[in-house]
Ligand code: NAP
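A single chain, nothing else alongside it, follows as structure tokens in the form predicted alone.
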């Protein structure tokens, strides 16, 4: 089969660091156009808007949307209405309702919609899932702490309403948890810390449980200096499991478990191409639903102002 003609919308840091190399390394995909207000990709036509791109390059088969979530719905709607398959960076949208609307539209138009959760494709995640299915889980502790100044320098959108704040990285942890646990979890209580000068939280403490009353405690913080922490620790009847470094390393009872060498975004684009070939969609809203529950149920505490 000929490669899928792919366009990318939103040429920022994540697109350059992750999307473009992964697309280039996938023989099923051919990057043919880009649209971005502030960036460009060498060697292909570039446009200021998705509308201009779709008008000028009608042979685009699929579109990868890498702009902030507040602006993703309009672009996805236009692409789907034009008959294009759509890849949504995480989180897939600013609200649950708009993503549900896009999913219904994709079904109506007969195109594939992929709500990508890149951390689910980290090297050790599937091995962790297999282990947890084989044992009885007693408790889970998630520690997701990083330095926002390092990862999002001077990015105002993450602090605006809809930008998610600390849930921008925290949703990665939630995407892993909802994938590896054998049963669904739900939020019991939460505390969200908001800087006095921001509309999104800088830290969150979340307590989940499930029908078996297993405790899942998650700590998210954007103020961590030095070594960054992206760990999921599970105490089980078969011992202690540590899924570390954002899902890239796994130890069980201090024994290192061999894992896949494929990178997250390479695996994402492999999945996207497969969905297109099968004319299927993959739209799991569980991680975003947990974020919405946290904002709905969480106690809000105001802390010191934050300045870049």
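Numbering follows the first chain given and starts at 1. Just so you know, these numbers come straight off a predicted model, no measurement behind them.
Unshown form predicted in complex with this ligand; subsequent notes refer to it.
Picking from 54-62, 251-259, 276-284, 33-41 the stretch near this ligand in the predicted complex, with a 4.5 Å limit on heavy atoms, gives 33-41. Among 135, 229, 210, 155, the residue placing a heavy atom within 4.5 Å of this ligand in the predicted complex is 155.
The contact residue chosen from 84, 198, 118, 179 relative to this ligand in the predicted complex is 118, the criterion being a non-hydrogen atom within 4.5 angstroms.
No residue of the trio 205, 221 and 301 has any heavy atom within 4.5 Å of this ligand in the predicted complex. Although the partner is absent here, residue 29 lies well away from this ligand in the predicted complex, with no heavy atom inside 4.5 Å. In the predicted complex, at least one heavy atom of residue 91 sits within 4.5 Å of a heavy atom of this ligand.
In the predicted complex, residue 13 approaches this ligand with a heavy atom inside 4.5 Å.
By the criterion of a heavy atom within 4.5 Å, residue 168 is counted among the residues contacting this ligand in the predicted complex.
In the predicted complex, the residues of 67-84 lying within 4.5 Å of this ligand by at least one heavy atom are, in order, 67, 68, 69, 71, 72.
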